[in-house]
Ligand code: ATP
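In structure tokens, one chain follows: the form predicted on its own.
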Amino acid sequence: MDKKIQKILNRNIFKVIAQAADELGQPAFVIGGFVRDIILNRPSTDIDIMTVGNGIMLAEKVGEKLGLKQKVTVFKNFGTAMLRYRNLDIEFVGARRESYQRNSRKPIVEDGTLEDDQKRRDFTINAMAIQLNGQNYGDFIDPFNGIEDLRLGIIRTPLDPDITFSDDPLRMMRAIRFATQLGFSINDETLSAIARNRNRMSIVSPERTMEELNKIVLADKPSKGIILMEETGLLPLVFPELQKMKGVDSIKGIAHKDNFYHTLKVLDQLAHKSDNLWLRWSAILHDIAKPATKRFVEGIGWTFYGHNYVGAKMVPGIFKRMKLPLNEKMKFVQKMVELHMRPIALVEEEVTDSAVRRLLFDAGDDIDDLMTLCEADITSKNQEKVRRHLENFQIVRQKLKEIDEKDAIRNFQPPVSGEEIMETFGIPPGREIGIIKNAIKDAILDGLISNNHEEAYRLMLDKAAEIGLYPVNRQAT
């Protein structure tokens, strides 16, 4: 560990900070996540510098010594400052003592000592510090034995966890997030305190909660964090729709699978294939409407008819409540949820050119993401069935490629535009134009005509004649 710290502290930036701190007569320390990540050999570009004194003054002194062209960014209300040096984001803050009021997670802040500052930290592994002054340069300060917790892979609070979580309930989500990201466990006392204090989450803004949840979703094995949320009672408070998926019903000895654990398996399998946050959200939500569409049908068993369409309609409401973006990212998730049954249907039936064209048309540029989601959705314990489905998906992928190259269906634009139809028949905008354009689209997708202007134009004339429309210029025929 000493060698790791020494190697990092040999970097010029720390020597400059040390020199500036000594000139100001302020003790200064590297503290928090950067120290943790040095020890864990994790890459980190965010550095927290804590000083017993004026953090803004120290930041400005460091910026001056580095000869930075851009000014130091100062946040006077928080008593902090930030500068960017090469690829590093360095934040400076004065040591502080915090106290909390019951109805807010925003602390009352006072100047404090190094000891005060380390006590206010969320977890022991984030309370370790390295001194940057004079003869004490490189001293490792670890009052809560965070180094041992790192070795054992444990998340634990420095002080009483009930006080820690009641003061700032977001730390409960952070505990789960760190456990998920680092592959650690949360010690029993800390885990029990999360369950006891879960209702305190009501004072945390949805935006901050989602920030932590998204980091859990982006972990290598996101199911770990979601299961911890469920076990501690946070999940029904943060994400009730997902909680409702848990459990199995049985009628006449016939049971369905637990869609909660199925969803988590799909999410983990997708995490091995893609780090796209919104594709991972698609995995979380792909079966979200199964509780609402669940029916037991005599002679058939449990059905979830239309759960993909109902689920797609649920997405905007979930995103709005959880303060997730209501833009093209949400629309992407909606599309994935709505279409996720289509490739599976192709696998289980004969792969026709028409069905492939329609899938390409509906999925557009998102077809590869859709196929990745659907492959992750294969969670059967029957390995032969899994192998057969994956092989069939490769056939579908090859067919998609062939059809796309031959017929240019992806991001399909009708060869005959609405403007051309209006001009040809001398008509204003109206339902007739939609009838003709849909007839052309269906004919192309069904392979009845090729995707070119000449064949589409002839079909336009035929379809128009069926509904009593004729070209204003008879030569057009």
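Keep in mind it's a predicted model, so treat the numbers as computed, not measured. Note that residue numbering begins at 1 and tracks the sequence as displayed.
Quick note: we don't show the form predicted in complex with this ligand, though the next part is all about it.
Between this ligand and the residues His307, His340, Arg121, Arg198, the one pair within 4.5 Å by heavy atoms in the predicted complex involves Arg121. Residue in contact with this ligand in the predicted complex (any heavy atom within 4.5 Å), chosen from Lys290, Arg156, Lys224, Arg174: Arg174. The three residues Gly33, Asn126 and Asp168 all sit with a heavy atom within 4.5 Å of this ligand in the predicted complex.
Only one segment in the set 129 to 137, 198 to 206, 177 to 185, 239 to 247 has any non-hydrogen atom within 4.5 angstroms of this ligand in the predicted complex, and it is 177 to 185. By the criterion of a heavy atom within 4.5 Å, Lys399 is excluded from the residues contacting this ligand in the predicted complex. Among heavy atoms of Lys215, some come within 4.5 Å of this ligand in the predicted complex.
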